[in-house]
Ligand SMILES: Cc1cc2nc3c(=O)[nH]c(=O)nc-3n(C[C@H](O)[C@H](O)[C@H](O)COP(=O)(O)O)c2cc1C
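What follows is a single chain, given as structure tokens, in the form predicted on its own.
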């Protein structure tokens, strides 16, 4: 019996993970099958599990999984495996990066009547993102019911908006090139310096932006601090225009990122981290190139823009 279940698991895994065929996997699983992630605590039933396989296979069409060893007794078995593939299509709301994935894990299964009734697994889609260098911050909020906060009730939405309005920031335009080499960009106020040594900065970009997939897939991006003379440029990048670079003067950075002429300052950075944070991605980049001028920047406060030379509203 032990050899029979080993052979059945080997065949079912190959059919499911390498070919997208789930009949054999269904045949060796009980109707009340549960799959529990050790890392996240998430529980999937069988239908949710095969949907996860299908989504991962769609994102990694060349994925191949190899079972290295199966250890079995009458009511338990352990599966040790490795897999590799190329991240070449979207995974949920995460755009592809072309990264080659090589990972491994293990599953501990409980058997009932010669079928798998439950599994504890060391690897799931959150581990997949970590292996790709795309860690998620979303798990920090998963255990909190909507509208609650650990130890207290959060402030009303309008109160938080009022707080944010009191913060004065500059305005940046984050730029990159799409897959066809066309310049793309969007206005971003969520910029910050992380450190000078090493020279790291961060920007936070909403995932619904039309520029987001191009940014996510880029190795380098430009960050331009707009000057007080560039209000028209700001309006263009804050718009839904299909070609925000039309009639705009710009030049490529050393690694090809579009840098906007007449900005107060521009840098080109190499993206080092992409943290998934619910509706946004936090990009952390190492500065590779910098250009600065003495032109005063545009300032942003309470949904209004000001001339940085004297806080005169534009």
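Numbering follows the first chain given and starts at 1. Bear in mind the structure is a predicted one, so any value in this text is a computation, not a measurement.
There is another form of this protein, the form predicted in complex with this ligand, and it is not shown here; the text below is about that form.
Heavy atoms within 4.5 Å of this ligand in the predicted complex are found in exactly one of 114-122, 96-104, 73-81, 182-190, that being 182-190. The candidate site formed by 205, 234 and 240 is fully in contact with this ligand in the predicted complex, as each residue has a non-hydrogen atom within 4.5 angstroms of it.
Within 4.5 Å of any heavy atom of this ligand in the predicted complex lies no heavy atom of residue 86.
Within this chain, residue 177 is remote from the site of this ligand in the predicted complex, having no heavy atom within 4.5 Å.
With a 4.5 Å cutoff on heavy atoms, residue 195 does not count as touching this ligand in the predicted complex; it lies far away. Taking the partner from elsewhere, residue 210 is found to have a heavy atom lying within 4.5 Å of this ligand in the predicted complex. Contact residues in stretch 158-172 (any heavy atom within 4.5 Å of this ligand, taken in the predicted complex) are limited to 171.
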